[in-house]
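Take a look at this one chain, the form predicted alone, written out in structure tokens.
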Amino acid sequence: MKIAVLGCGAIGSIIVESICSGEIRNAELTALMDIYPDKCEKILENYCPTVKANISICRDLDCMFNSKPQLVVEAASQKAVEEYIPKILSRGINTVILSVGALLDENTLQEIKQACMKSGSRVYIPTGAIAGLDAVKALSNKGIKRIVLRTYKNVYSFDKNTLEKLGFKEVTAKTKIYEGRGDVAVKLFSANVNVVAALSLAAGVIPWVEVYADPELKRNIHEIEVESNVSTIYIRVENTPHPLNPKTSYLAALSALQLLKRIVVEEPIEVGT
């Protein structure tokens, strides 16, 4: 399968390395696209030196389309999802969306759904830095009464300007910096709580979100509570931050990698809902 990657950050690097190393069988990298092409060049030099001449480095979608990808992996930003993904899907190209927080904007979600329906393309969303989406999706068949996400990260994971706008110029101890609806949280913390959107899409309910900044914390922690008439679920995930980007949990990158393997390689036995 021919794959193009949109976004050459930490997660994009892992995906590129996995394709070029042969870890993802039957996958071929055709293009990288980023507003900073030098980042793409560095990734290719590090992970794909023997085949980099065959991989396009792109600034725009026309360049990416010329590489004829069968699948595009978005690993850029919510803004990139809004700007590029509907156009990619309208070409009939399946897409993996990692900046899933963008889909809690109703206009963006509807535009993406319409592009899929018209072209027959599909969107894939990995579980990301949490666990239990299979159970949440199953419970949604009977209705979910309440879903809460509590996220704890080191204060340095958060954008300083955002913290100051919220009234937190300096955080010296564990502090709740936000409590409210999930669709508001993903706009305030676009690099920190994309898991809110994955939960929302799986549950059919907007989660209630609490976000904590803690200068002593060394892991990114997500706690999830789900209540339904069928089950009550409590999930706690403690993640090591990605070494290239502490805002992102390493599990989020591995989740994307596992999803790609499932898409590209058809296994005789598939585990999970």
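So that there is no doubt, residue numbering starts at 1 and follows the sequence shown. These numbers were taken from a predicted model, which means no experiment stands behind them.
Beyond what is shown, the protein has a form predicted in complex with a small molecule; the following relates to that form.
Remark: A80 counts among the residues lining the small molecule in the predicted complex, judged by a heavy atom distance of 4.5 Å or less. Though the partner is left out of this view, T95 does not reach within 4.5 Å of the small molecule in the predicted complex, counting heavy atoms only.
Not displayed here, the small molecule is approached by A252 to within 4.5 Å at the level of heavy atoms in the predicted complex.
Proximity of K42 to the small molecule in the predicted complex: non-hydrogen atoms within 4.5 Å are absent; the residue sits far from the partner. Of the listed positions (A202, L71, A76, V123), a single one reaches within 4.5 angstroms of the small molecule by any non-hydrogen atom in the predicted complex, namely A76. The contact with the small molecule in the predicted complex, taken as any heavy atom within 4.5 Å, belongs to A191 out of A138, L109, V184, A191. Contact with the small molecule, judged by heavy atoms within 4.5 Å in the predicted complex, is confined among 144-152, 175-183, 194-202, 162-170 to 194-202.
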